[in-house]
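Here we start with a single chain on its own, the form predicted on its own, put down as structure tokens.
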Amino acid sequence: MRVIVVGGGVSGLTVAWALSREPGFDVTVFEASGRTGGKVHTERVEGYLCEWGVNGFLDKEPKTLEVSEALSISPVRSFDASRKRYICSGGRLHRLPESPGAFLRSGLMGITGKARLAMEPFIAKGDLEDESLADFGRRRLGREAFEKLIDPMASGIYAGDPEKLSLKSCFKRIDELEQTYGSLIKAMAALMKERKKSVSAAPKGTLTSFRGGMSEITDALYNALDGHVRLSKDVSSVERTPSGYGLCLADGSVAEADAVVLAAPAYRAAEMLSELDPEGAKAFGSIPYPPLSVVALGFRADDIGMDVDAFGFLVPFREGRKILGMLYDSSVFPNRAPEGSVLLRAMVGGARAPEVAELEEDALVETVLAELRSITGLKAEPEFAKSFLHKKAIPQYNVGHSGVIEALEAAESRHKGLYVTGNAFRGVSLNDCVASGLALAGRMRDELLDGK
């Protein structure tokens, strides 16, 4: 069975690789750009290893590790310093507490905010079908906890607006815990008792990457596909044919396949399906993709004059800053900076400040440096500075996103042999993309071969 996968990002490469290992499939990937990887993009510049997209994945989920092992690439675990995370509040950095005792001693929140948070077990659980992250945070934890804890988390993961982001679509597990236990604190206590260990504020699992950066896994998938990836193949539309599907390319040619996987960004999938499935195309096209810039800064370690022995910090929207956060990359993974230097990486823009992301590079770098000086007291000048703009960065799972998933499932049911996947639907993390890609390959095997 001939399958064409449209999109050479993590999702598309994973689906194609998994299908290529199944007997009976002849798989080809069409990628519109001149490289694979999508938002996974590692570049070595002047001795600095710059991640222009995701910088790692958590090893709590096994699928990415299993794929890495099958591809014979070795993951690298983050340094212990990556457990230390900070929030900028009142113009100062406050360490994110990792235990109830540390939380009580922390100056991150005031007495009133802490008291309101302590009332969380007595707050009735929500009954809305689809609640925004902001409404949930204020209702469940109180305004201050929302502004200082939940808001920066939304920025750090989605570069999004928590007033619009959907709780159940973005953080399904949190929604499930509230519905099951009636309280997040009660849920944490129950899970601690069950596991007989403490609950940390840091994400579960260890942040993991590769010595050569995250492009190692997408490069390995590309190599494993052994010539079955076609670059600069821009698909304009998908149409039905008597035997399956025809893919009309921008160069005027048509490629035929028995089945098609659209693993391109949702707005591109919408364009491709505008005639074949207008209803699905409308839903996919409704997903926002705000711009985001990544700014990499390199300093001599002896000159920087600030403590960078940590993962980095996030900035709540209430602070009125022009950066979303800063990662101390060379303190997280090895091989990120030349000997005697450190690498920092800032995120700028997103759903609530798109105009900042689109500044010219010199202005963007100076904006980031000004914020860094104000927050940390930095006095050194960088020996290296470079930025990368994602004009359409992270898909936003806003309230109503469940309707997009319903539209996806309906489109697939209307067109046997057509599948749609990617980070715009069921998870934005690399782990989500790998797991979804593997699951889709298994489903295609069952439906297209075993289901004959």
Ligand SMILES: Cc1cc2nc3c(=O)[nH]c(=O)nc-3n(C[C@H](O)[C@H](O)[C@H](O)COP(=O)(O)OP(=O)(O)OC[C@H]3O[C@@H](n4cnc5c(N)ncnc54)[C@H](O)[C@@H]3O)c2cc1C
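Start at 1 and count along the sequence shown; that's the residue number. Owing to the predicted nature of the structure, the values given are computational and were not obtained by experimental measurement.
FYI, the form predicted together with the ligand isn't displayed, but the following is about it.
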Fill in: Contact flag, Glu358 vs the ligand in the predicted bound form, heavy atom cut 4.5 Å
no
Worksheet item: Might Leu430 be said to contact the ligand in the predicted bound form, defining contact as any heavy atom within 4.5 Å?
Response: yes
Worksheet item: Does Lys233 make contact with the ligand in the predicted bound form, using a 4.5 Å heavy atom cut-off?
Response: yes
Worksheet item: So in the predicted bound form, does any heavy atom of Asn55 sit within 4.5 Å of the ligand?
Response: yes
Discussion item. Suppose contact means a heavy atom within 4.5 Å; in the predicted bound form, does that hold for all of Lys39, His390 and Ala393 with the ligand?
Written reply: yes
Practice prompt. Using heavy atoms only and a 4.5 Å cut-off, determine which of Val399, Leu408, Leu418, Ala32 is in contact with the ligand in the predicted bound form.
Written response: Ala32
Response to the item:
The one residue among Val294, Leu343, Leu165, Leu324 placing a heavy atom within 4.5 Å of the ligand in the predicted bound form is Val294
Discussion item. Using a 4.5 Å heavy atom cut-off, which of 42-50, 421-429, 66-74, 408-416 contacts the ligand in the predicted bound form?
Written reply: 421-429
Practice prompt. May I ask you to list the residues of 240-273 that have any heavy atom within 4.5 angstroms of the ligand in the predicted bound form, in sequence order?
Written response: Ala263, Ala264, Pro265, Arg268, Met272
